[in-house]
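A single chain comes next, written as structure tokens; it is the form predicted on its own.
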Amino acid sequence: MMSADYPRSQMAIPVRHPLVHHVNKWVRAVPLYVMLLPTIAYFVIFTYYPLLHSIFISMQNFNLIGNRPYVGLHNYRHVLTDPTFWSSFENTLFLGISILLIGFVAPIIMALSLNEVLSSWLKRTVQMVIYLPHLFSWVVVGGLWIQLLAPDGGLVNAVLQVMGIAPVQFMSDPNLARWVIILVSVWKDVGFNTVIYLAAMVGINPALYESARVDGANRWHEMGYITIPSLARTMQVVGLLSIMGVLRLFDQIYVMRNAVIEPQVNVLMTYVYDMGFQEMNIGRATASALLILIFTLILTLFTQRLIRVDHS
């Protein structure tokens, strides 16, 4: 029982002023912001400053040595009226969208197939084999496939000759070369996305499958009504990341192109490279790179809006 002579004012719980609460909150967060400083400095120095500086370069007749006169939007007008730029844009859309569509569906099919494999040893082996090409650079992968598809001494044409088929000029026919680049690009990265989907499948609640089996569902029903819908969010993330790279194809094109097929396989990034390093026109190359950045930003924002609409 509480003493009657104990002052009631001393029993009251003190109420802190809201300003004091906010100050204490910021003080506790100071160490976190200090730890963020190296990351912020990295992005400012190596990302945002070069981006801002490139805007000034794109408005100059930029020379590595000597004067750099200001030309305004002349570089942008030249790029936007250059037929080579627009032909590269068309090639980029064809190659990029083809790689996007095939590369989006293939790992889903691969992951669903591996998920049905009961032998854990076989599943791990297949995962390792299909993931391995992702670890190699495009110099290695492109050189490997150029040698395999070579008309003289290439393994593929050697097999075709044994079957009585004449050698095929895979990398000299523009139409065939396009599809070779598309399929090799998908082959290189299919293992990486397959692992992502397999990891997402591990998180699916097993009780859903047990309930479906009790209700008489077969493997196809489980796949169509449980597995695939549960991967929807992962598909959105993988799809968004893939769309962001549609206009930035470069490595595979640079490694696998040749003088015969260049007009049909050159893309926007090779246009930037050729303009900047072959013709040494840094101002126009920078202007075209910024235009690609703007196109990519618009495409990404449009895709994000579609994803939000579908999710809602």
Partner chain sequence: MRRKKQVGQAAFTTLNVVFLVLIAATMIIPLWNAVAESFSGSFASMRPGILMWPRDFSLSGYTTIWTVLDLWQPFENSVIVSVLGTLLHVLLSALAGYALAQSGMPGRRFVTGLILITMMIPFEAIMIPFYITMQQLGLLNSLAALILSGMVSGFSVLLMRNFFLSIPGDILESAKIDGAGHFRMFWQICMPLSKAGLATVGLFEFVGRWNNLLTTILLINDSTKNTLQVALNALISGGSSTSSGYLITTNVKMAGIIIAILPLIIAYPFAQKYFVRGIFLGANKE
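Keep in mind the model is a prediction, meaning the values are calculated, not measured. Residue numbers count along the first chain shown, from 1. Superpose the two forms; the largest set of C-alphas matching within 1.5 Å is the rigid core.
Note that the form predicted together with its partner chain isn't included here; everything after this is about it.
Using a 4.5 angstroms heavy atom cutoff to its partner chain in the model of the complex, none of 72, 166 and 239 count as contacting. Only one listed stretch (202 to 210, 168 to 176, 155 to 163, 82 to 90) carries heavy atoms within 4.5 Å of its partner chain in the model of the complex, and that stretch is 155 to 163. Proximity to its partner chain in the model of the complex, taken as a non-hydrogen atom within 4.5 angstroms, holds for one residue of 97, 105, 232, 128, which is 128.
Among heavy atoms of residue 282, some come within 4.5 Å of its partner chain in the model of the complex.
Among heavy atoms of residue 59, none comes within 4.5 Å of its partner chain in the model of the complex. Proximity of residue 226 to its partner chain in the model of the complex: non-hydrogen atoms within 4.5 Å are absent; the residue sits far from the partner.
Its partner chain in the model of the complex comes within 4.5 Å of a heavy atom belonging to residue 54. Interface residues of 121 to 151, taken as those with a heavy atom within 4.5 Å of its partner chain in the model of the complex (partner not displayed): 122, 126, 127, 128, 129, 130, 131, 132, 133, 135, 136, 137, 139, 140, 143, 144, 145, 147, 148, in sequence order. With the core held fixed, the Cα of residue 263 is displaced between the shown form and the other one by less than 2 Å.
A displacement of less than 2 angstroms separates the C-alpha positions of residue 277 between the shown form and the other one, with the rigid core held in common.
After superposing the rigid core, the Cα of residue 32 is displaced by 2 Å or more between the shown form and the other one.
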